[in-house]
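The chain below stands alone and is given in structure tokens; this is the form predicted on its own.
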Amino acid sequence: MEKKEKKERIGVYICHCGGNISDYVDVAQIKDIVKNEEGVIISKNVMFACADSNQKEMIKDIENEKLDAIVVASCSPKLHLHTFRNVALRGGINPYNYTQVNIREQCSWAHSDTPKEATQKAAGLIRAGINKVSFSEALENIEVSSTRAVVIIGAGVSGMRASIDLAKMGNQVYLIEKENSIGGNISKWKDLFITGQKGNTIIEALGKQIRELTNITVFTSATIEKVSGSLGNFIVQVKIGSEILNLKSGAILVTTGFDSYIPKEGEFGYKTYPCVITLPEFRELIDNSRETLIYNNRKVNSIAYIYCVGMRQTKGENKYCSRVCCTTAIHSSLLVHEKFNEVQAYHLYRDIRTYGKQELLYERSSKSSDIYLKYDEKAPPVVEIAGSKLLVKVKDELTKRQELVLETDLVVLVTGMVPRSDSRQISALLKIPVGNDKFFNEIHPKLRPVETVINGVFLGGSCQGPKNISESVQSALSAAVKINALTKNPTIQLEPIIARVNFDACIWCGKCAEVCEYDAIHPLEMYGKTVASVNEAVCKGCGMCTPVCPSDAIDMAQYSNNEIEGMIDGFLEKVELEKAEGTSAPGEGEDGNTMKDMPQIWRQLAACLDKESKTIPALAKELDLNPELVTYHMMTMNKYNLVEADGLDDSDEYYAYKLKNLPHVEN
């Protein structure tokens, strides 16, 4: 790789994070340590690095001091990476000449019990960041063309709803369903909780909207055979009967749904005793019964529901809670009470999880004389036949494990959601990772909940984990919005942090291609020899290829040898602390207006205390604020060493407070 010049004008900003960092890390001393590092011309402490006021100050510094790189030592880059990239861009620096050092999650929080060591580690991390940014390059985003079309795999309620929105936003939509009809699991259900709507009615309404939109094409009895290409230009090969279609799309949405858990033979008497059925089978029985609930030619007067069958297994495969089973079982019990007279219900449960408004169903069930009996996983209910009687034995935790024997006409096994049987095939075709629960994995459940590690492939509905109908539709619509944000433009911008090949050094041994999980590296004839070529649109920048190259001909943008070795050297450099460890007053040693980055109310309180100490009632009266609000903020400011007690007032009734270690503050 060509040699890069080191940065000579670097700005370093060390965040207090309102005390989250400065309570355990001596940020004032770190500022003094790093200001002497090579290339650093600005070293500042700030209360909140992400505050608008501080962002403006950073932009001024970039412009006035002609900075060529910046380092922000604060929280996780997952939270504010793009915040500070935009700061760099607004100040005139290439956004990739910025690095963020995590001294909160990786330092102050992790080592809160050892502040001296936390301070030393923070100094090492910041030095590593300075060395990294010293060798950083001005990178430009990768542009790829995009097709304004979307392939949706799975035509259940999530896929159908997403297809309608995507079509209305101007996309050509291909809706692909494995079964011979659309609708998925919902089409088989009638009464739904909590709204009481009919599942088949919902599907019919969605189907009508789809038929009215000319830019939606539905394929049933269709399977995905092959997927090639990348974001903006996927080619999805679909098999319909004996015909093969190649669909070109800019993005792919996976809404394949779930399967219901099927108990093993003999599990709680399933397929051993005739009157033991699963919850989906029971719902079908309710829907098809008229005036009397009859099963196996026998009137049903009592039902025992056994919860968590196949779910929350400590030693089994399905360790997760399926979330909707409890509510579905309770809703089914209420439907039985509404349609049929005098049916006794026993609910044998481990925990009842009817979250949100579904709690109302549990309340109604309890008032309908349903009996709830709690069992322990280590002592599950036992189902057996005694003559002509179907018996369920359970040790009730609420009566000190007293064993109860229930004579019942029907046992309903409350089963939950499991991944579809074809999910591994879909995972292999699209290279979507699966979690420990075997459902598809998103990048991050909070920050990027519908995106996968494959650019342009999104998730929606219960294919990524158990969800009710509302939650499934919401996630699919979130994915639809994300997809449209990409496909609405003729070109898509991708991050340039990818693998790069030094063609002079490459000898094409093929090892890089062998370890690439995304099929992003291929041989290319160039300069009279075969070299490795990286598909920029496909490469994820995972770095798996770099350590296996025998000629060191491949590296990663932003993770070059110089950058990595510089980080190691910076972190290993000895840190000499010149004073005792501890926290520092926020903004200490800055330009005089130390509270500019703090909340407005803190600045108001500080201005009131500028000349003399005052009590909380006096502050509340002066600022015309609620005394409780003033108390809360004064206690917070006291925690962060902004104020301190200055003795009792003349009546010995209230403490007076004064500013601590802070120069003049303007409101």
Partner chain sequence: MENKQIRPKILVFSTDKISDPGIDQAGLRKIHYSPAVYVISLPCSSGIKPRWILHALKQGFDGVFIAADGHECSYSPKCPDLTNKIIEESQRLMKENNINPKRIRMAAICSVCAEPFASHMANFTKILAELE
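Numbering follows the first chain given and starts at 1. Take the two forms, find the largest set of C-alpha atoms that superpose within 1.5 Å, and that set is the rigid core. Keep in mind the model is a prediction, meaning the values are calculated, not measured.
Heads up, the form predicted together with the partner chain isn't pictured, but that's what we're talking about next.
Scanning L192, L245, M556, L89 against the partner chain in the predicted bound form with a 4.5 Å heavy atom cut-off leaves one residue, M556. Only one of the listed residues (E517, E338, E407, E576) places a non-hydrogen atom within 4.5 angstroms of the partner chain in the predicted bound form, and that residue is E517. Note on the interface: of 74-82, 415-423, 383-391, 522-530, the segment with non-hydrogen atoms within 4.5 angstroms of the partner chain in the predicted bound form is 74-82. At the 4.5 Å threshold, heavy atoms of I142 stay clear of the partner chain in the predicted bound form, well away from it. Contact annotation: V534 falls outside 4.5 Å of the partner chain in the predicted bound form, judged by heavy atom distances. A residue is said to contact a partner when one of its heavy atoms sits within 4.5 Å of a partner heavy atom; C275 fails this definition for the partner chain in the predicted bound form, lying far away. Contact check for K121: a heavy atom falls within 4.5 Å of the partner chain in the predicted bound form. Contacts to the partner chain in the predicted bound form (heavy atom within 4.5 Å) from stretch 100-114: N102, E105, Q106, W109, A110, H111, S112, D113, T114. P380 shows a C-alpha shift below 2 Å between the shown form and the other one [criterion: core-superposed Cα displacement of 2 Å].
A displacement of 2 angstroms or greater separates the C-alpha positions of P77 between the shown form and the other one, with the rigid core held in common. For S472, a C-alpha deviation below 2 angstroms is recorded between the shown form and the other one after rigid-core alignment.
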